[in-house]
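The data below hold one chain only, encoded as structure tokens and taken in the form predicted on its own.
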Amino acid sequence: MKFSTLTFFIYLTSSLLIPAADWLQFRGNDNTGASTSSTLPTSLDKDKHIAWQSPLPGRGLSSPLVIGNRVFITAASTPDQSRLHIICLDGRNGSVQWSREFWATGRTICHDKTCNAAPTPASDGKHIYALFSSNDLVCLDLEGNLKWFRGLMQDYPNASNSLGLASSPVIADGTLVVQIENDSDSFAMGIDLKNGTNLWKIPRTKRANWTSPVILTGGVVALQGSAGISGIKAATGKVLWTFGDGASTIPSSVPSKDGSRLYVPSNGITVIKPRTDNNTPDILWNQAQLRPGTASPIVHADKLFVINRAGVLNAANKETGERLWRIRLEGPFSSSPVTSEHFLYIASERKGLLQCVDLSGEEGKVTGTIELGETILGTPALSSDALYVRSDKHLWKISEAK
């Protein structure tokens, strides 16, 4: 009996010392949308797998961030969306640990479907860097203390569009990379994490664009836009290479796990491999049939997955682009899929239908759904044991029953 008690105690304390997997920016730390967790629910039973739901003070399309046992989310409230919220919740029970509010200094007008809290924040594990469509950029530490605030429209008053901005910043090589593209004053910036000042600023194509930067290897970030996609050095802003055959302005590219290849929504899907000896990347293949809708593509194991405008999930060989199978999901989709182990998770826009798809067989199979009953436009976030989904009114934690 003493041995059993001691064994249980050692198991319990050692398991508590294992840190939870963090989710530090849009589609995870490496922008792939993939997690290695094997403890997420796959049958998705509403009575068993909703651990908690916490009300939010305003709308948002941003994804949650997960750092240890804390979950961070942004929102915008008031009729003109001029009140900006950054909220920290306890991941264990959904209680609010702290909430900070700011007045927007830039333009808050957005299309009815989107809102001011559209970009997903980024974190270096010590601070939260939250960008809003009003081009207000806020840096807080993990306790909610303000480190710096910058209203980018005070410096660049034409950097906006009537539909709203949505590009999410990323942190690469110790630099916060922000992509702000519109029909007037388009640019990308490298921002000092310590004080919010410019490290560099480069012009971009003057056309509205809602895609987000993607981290590659060697401190390189890929910037996607209507003209194509460019690889830049995150620390300096130097353009290293350019693919100039056009690209989507809504779904973002997705890198391979090692960051050496980039799957670009261009003429369907075009896969490029950047080279170091010149400014033109190698084109590995193109498949016009793999045309994504709003959701960004995702790479998992040996396959590429693309959801088209009709809500059809297409699986293709990631090395050749050959389509292997396809199944229809219940859409429409504004959020992008994420994966864990060999399962894919995606939330539909209407009714908030969270769907889980088993990717391990000869064709995909839906293994479970949960209807959350609220509009979902944001992409889920994953931790080691939970899926966090934000709707128009709530943040939800989906996990196995404890």
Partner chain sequence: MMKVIFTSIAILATTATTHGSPEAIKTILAVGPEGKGNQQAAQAWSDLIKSDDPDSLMMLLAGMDNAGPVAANWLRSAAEVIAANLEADNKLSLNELGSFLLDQGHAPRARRFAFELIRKADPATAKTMVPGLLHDPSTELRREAVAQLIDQASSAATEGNSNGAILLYRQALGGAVEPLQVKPIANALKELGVQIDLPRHFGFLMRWHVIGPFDNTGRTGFDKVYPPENEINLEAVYDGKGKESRWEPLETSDPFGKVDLNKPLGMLKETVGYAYTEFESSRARSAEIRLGCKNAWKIWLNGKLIFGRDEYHRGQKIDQYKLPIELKAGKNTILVKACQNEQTEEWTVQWEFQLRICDATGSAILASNRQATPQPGSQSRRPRRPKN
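Predicted model, so just to flag it, every value in this text is computed and none were measured. Residue numbers count along the first chain shown, from 1.
Beyond the structure shown, there is the form predicted together with its partner chain, which is absent from this document and is the topic of what follows.
The partner is absent here, but in the predicted bound form a heavy atom of Leu163, alone among Leu163, Ile250, Leu193, Leu240, sits within 4.5 Å of its partner chain. For the options Thr236, Asn286, Asn317, Ser99, the one in contact with its partner chain in the predicted bound form, meaning a heavy atom within 4.5 Å, is Ser99. Three-residue candidate spot Gly228, Lys273 and Thr280; no residue lies within 4.5 angstroms of its partner chain in the predicted bound form by any non-hydrogen atom.
Contact check for Asp245: every heavy atom lies farther than 4.5 Å from its partner chain in the predicted bound form. Put simply, Phe72 is far from its partner chain in the predicted bound form: not one heavy atom of it is within 4.5 Å. Mapping the unseen interface onto this chain, Tyr129 falls outside it, with no heavy atom inside 4.5 Å of its partner chain in the predicted bound form.
The closest non-hydrogen atom of Arg326 lies beyond 4.5 Å of its partner chain in the predicted bound form. The candidate stretches are 317-325, 171-179, 140-148, 121-129, and the one lying within 4.5 Å of its partner chain in the predicted bound form by heavy atoms is 140-148. Although its partner chain is not shown here, in the predicted bound form the stretch 78-111 places heavy atoms of Thr78, Pro79, Asp80, Arg83, Ser99, Arg100, Glu101, Phe102, Trp103, Thr105, Arg107, Ile109, Cys110 within 4.5 Å of it, in sequence order.
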